[in-house]
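Taken one at a time, structure 1 and structure 2 that follow are two forms of one protein chain, written as structure tokens.
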Structure 1
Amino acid sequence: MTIDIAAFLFDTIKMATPLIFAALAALINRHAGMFNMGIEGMILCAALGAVTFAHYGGSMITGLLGGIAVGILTGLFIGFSHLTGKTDLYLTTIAFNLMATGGTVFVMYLMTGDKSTTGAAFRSYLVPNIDIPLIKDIPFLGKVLSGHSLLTYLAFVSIFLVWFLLYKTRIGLRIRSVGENPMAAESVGISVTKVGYIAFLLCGLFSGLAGTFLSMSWVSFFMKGMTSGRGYIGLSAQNMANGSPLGSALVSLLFGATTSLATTMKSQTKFPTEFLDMIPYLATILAIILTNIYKINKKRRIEKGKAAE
């Protein structure tokens, strides 16, 4: 099997883009003390919202804004259920994911008469690809880094923006304070509910960007179940990185590389496609196992050190 390294790395970055957005969405909720498993469904709803707004609004911009708006609305819906309605967050998000899986197909059928894709009924709009001046002319590097979707570059910029938000701003401090000790935060006048809503709003923003990328950059249409577990992989990425924005992005790139490898093997080997489709998810499971083993061993070494003292 021969691999074009430049093309492989280009695809790795492309395939990591929705994972980075999903991981950033998840880690914001994590720092606020809420493990949001509903990101999978939020991304799916945003993907349908993006192509719907683009079609009826007649432009890429309306699609982009529509996808973000749907992501935010779904985030606030889950936030309202949990923070105001006092529902269990895990059960709420599981139910939401199931609702999104069937609900997006139902809404798509109402609008297009098709239960599988909007490709035939909706006009296609794509977020433009950007050629980076100077870099695009550099051999090899230009093939890897230039020519990606505008949303791909936004994903990498967002890594710094989320880090800055969490660690260099007042609202970031409040989010982390609520996540670490909500009762202590409440005692100094911080509204835990308000901070929770802000966290869900930001989570919805990045979920909306992930969904928009899938239906307006990855492809130019919405397809049934097109998230294919990317929301869960994003959750795993931030969990492995312990909530670090940069670490989450690096793990997302690793998972993007496994997806790129599976795609390459499909065209160059005779392995069953069903087995190759397993590779990204198998890599996720193995990575989680290895990460947890490392954490357990580290904890034991610390405990032994304390016992020795």
Structure 2
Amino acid sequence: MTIDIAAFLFDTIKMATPLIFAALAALINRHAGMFNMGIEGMILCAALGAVTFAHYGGSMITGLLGGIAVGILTGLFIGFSHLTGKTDLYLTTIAFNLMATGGTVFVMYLMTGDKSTTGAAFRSYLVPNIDIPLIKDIPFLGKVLSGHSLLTYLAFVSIFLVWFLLYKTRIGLRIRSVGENPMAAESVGISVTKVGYIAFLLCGLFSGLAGTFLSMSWVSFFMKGMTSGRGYIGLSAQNMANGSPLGSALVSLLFGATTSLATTMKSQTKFPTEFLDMIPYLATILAIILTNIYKINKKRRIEKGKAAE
């Protein structure tokens, strides 16, 4: 098997990008005590929104903003049903995902007369790829780190922004306190509903970026069902990392790496495609088991230490 390691690492980062956005979207909601499964559908809506606004607005910028706006709108829509309408969040998000699957095709058909892709009817705009001035000249590292989409760099910056927001700002503290114990938060005068809306808004923002990356960076058009479960993977990535932004990013990178490896193996090995499709998921489950074993052992050690005292 011939494999260009630099390109492999480059792809790992590229494939992890939508997952990182999805994981960040999910973990903000999680810290506010809400397990939002609707991210898959939100990303799908945003992916369609991005190409639509790019086409009608005639530029990449309107597409980027449109994608984010649609992401935020869908987030607020779920937030509205859950927080104001008091619906069950699981049922709402499951219904929302099903609605997004059909709804995006319907809206696309109304706009383009095409039921599978916007590729023919909408002009394509791409979020630019950026060459980083100094790094791009470093032999190996330059090939791995430079030349990514603007959104990829934004994803990595976002990891630290979200960490900062959650652990270093007042609103982050409020989000976490609502997640820990809404009653207690309410009793000291924090509006659970308001904080919930902020969490859904931020979740929508990152879902919007994930969708925009899929339809305006990875490929340059929208296609029905193009998320292919990436929202769910992001969701489980943050779950594995217990809601830690950095941990979620690492899990996303692990998933990106295994997917990238499986892609190469599809061309160069005799393994059945179905088996290779399984690898990223299998690796994720194994990683969850291993991290959990590690955590349990650590807890046991601490408890033993306490008992010895």
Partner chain sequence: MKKLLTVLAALLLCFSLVGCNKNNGGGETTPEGGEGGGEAAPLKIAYFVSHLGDKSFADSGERGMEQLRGEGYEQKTFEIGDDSSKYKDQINDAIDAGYNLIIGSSSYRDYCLELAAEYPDVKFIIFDDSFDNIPDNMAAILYSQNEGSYLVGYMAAGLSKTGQVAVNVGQDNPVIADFVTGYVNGVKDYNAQFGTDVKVVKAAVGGDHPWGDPATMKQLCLDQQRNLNADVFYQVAGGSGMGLFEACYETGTWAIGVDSDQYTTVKDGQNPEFADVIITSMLKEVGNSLVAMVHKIEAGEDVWKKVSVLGLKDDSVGYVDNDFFKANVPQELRDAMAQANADIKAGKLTVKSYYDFASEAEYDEYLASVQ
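Each form is matched to the other, and the largest set of C-alpha atoms that superpose within 1.5 Å is called the rigid core. When a residue number appears, read it as a position in the sequence of structure 1, where counting begins at 1. Since we're looking at a predicted model, the values are computed, not measured.
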Practice task
Quick one: identify the form predicted on its own, either 1 or 2.
Solution key: 1
Practice task
Could you check how much the CA of Ala287 shifts between structure 1 and structure 2 after a rigid core fit, in angstrom?
Solution key: 3.4
Problem - Shift in Å of the Arg300 Cα between structure 1 and structure 2 [rigid core superposition] - result: 6.4
